[in-house]
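This document starts with one chain, in the form predicted on its own, laid out as structure tokens.
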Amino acid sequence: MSTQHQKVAVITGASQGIGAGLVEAYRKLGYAVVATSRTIAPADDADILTVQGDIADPATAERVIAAGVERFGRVDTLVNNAGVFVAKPFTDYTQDDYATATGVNVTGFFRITQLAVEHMLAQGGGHIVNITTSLVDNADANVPSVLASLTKGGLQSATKSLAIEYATRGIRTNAVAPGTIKTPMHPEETHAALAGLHPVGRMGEQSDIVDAVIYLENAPFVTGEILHVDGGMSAGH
């Protein structure tokens, strides 16, 4: 079993794609992991605690942090990876689309981050990483995405705000802003079109985002950074 000194990472949206890759990467770093998503299955590894729940419900955040602290005794890193992306013309968005995007992308970040920060303050430090989207800074006529920009843009601004609020108290906050990544979210038949959105002419791999998060984890002088991992989208077209 873990000792009180083993570091602990909490990862949302952890059952597939980038989230599952992050769980594996943090275990390789020697961290215990609290992994949550709506559909996550129990893990064979005693140092991975899985908690099922909808992160848009603040009660899920309470359960995730409480379970993690009970099992492992601390919270060192929180990766707010859970996210939804609905690309539609602005006037086609429904109330359900709005509720889903704000629920996961904003509410899902808010409560779990508050709870994690309380523990980080008590133990003298920690690290928050938010996964946003390159579209926040670089709107694209081919990808109408006001709801992503509204919600993930708020998350990007909050990243800087948190970094400054806690800069003298040992808590770093950073974000990774991906381009379009090969995950189960994007069907194979869309890949060619999606590749063309990037100046480098291809989509990103899940490992590109995982590696960026791990870089930030190991970068003690970096806080308030929005790290674009987007095949050049943020530089221009």
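Numbering starts at 1 and follows the sequence shown. In this text the structure is predicted, and so the values were computed from the model without any measurement.
Keep in mind that the form predicted together with a small molecule is not shown, yet the notes after this line are about it.
Original post:
Which one of 128, 75, 131, 112 is close to the small molecule in the predicted bound form, taking close to mean a heavy atom within 4.5 Å?
Top reply: It is 131 that has a heavy atom within 4.5 Å of the partner.
Original post:
Tell me, which of 53, 199, 170, 58 has a heavy atom within 4.5 angstroms of the small molecule in the predicted bound form?
Top reply: Flagged contact: 53.
Subject >> the small molecule in the predicted bound form: contacting segment from 112 to 120, 138 to 146, 83 to 91, 156 to 164, heavy atom within 4.5 Å >> reply: After filtering at 4.5 Å, what remains is 83 to 91.
Original post:
Given that the partner is absent here, does residue 174 sit within 4.5 Å of the small molecule in the predicted bound form, heavy atoms only?
Top reply: So residue 174 does not count as contacting the small molecule.
Original post:
Could you tell me if residue 101 has a non-hydrogen atom within 4.5 Å of the small molecule in the predicted bound form?
Top reply: Because no heavy atom of residue 101 falls inside 4.5 Å of the small molecule in the predicted bound form, the answer is no.
**OP:** Report yes if any heavy atom of residue 38 sits within 4.5 Å of a heavy atom of the small molecule in the predicted bound form; otherwise report no.
**Re:** Yes.
Original post:
Taking 4.5 angstroms as the cut-off for heavy atoms, does residue 67 touch the small molecule in the predicted bound form?
Top reply: Output for residue 67 is no: heavy atoms all beyond 4.5 Å of the small molecule.
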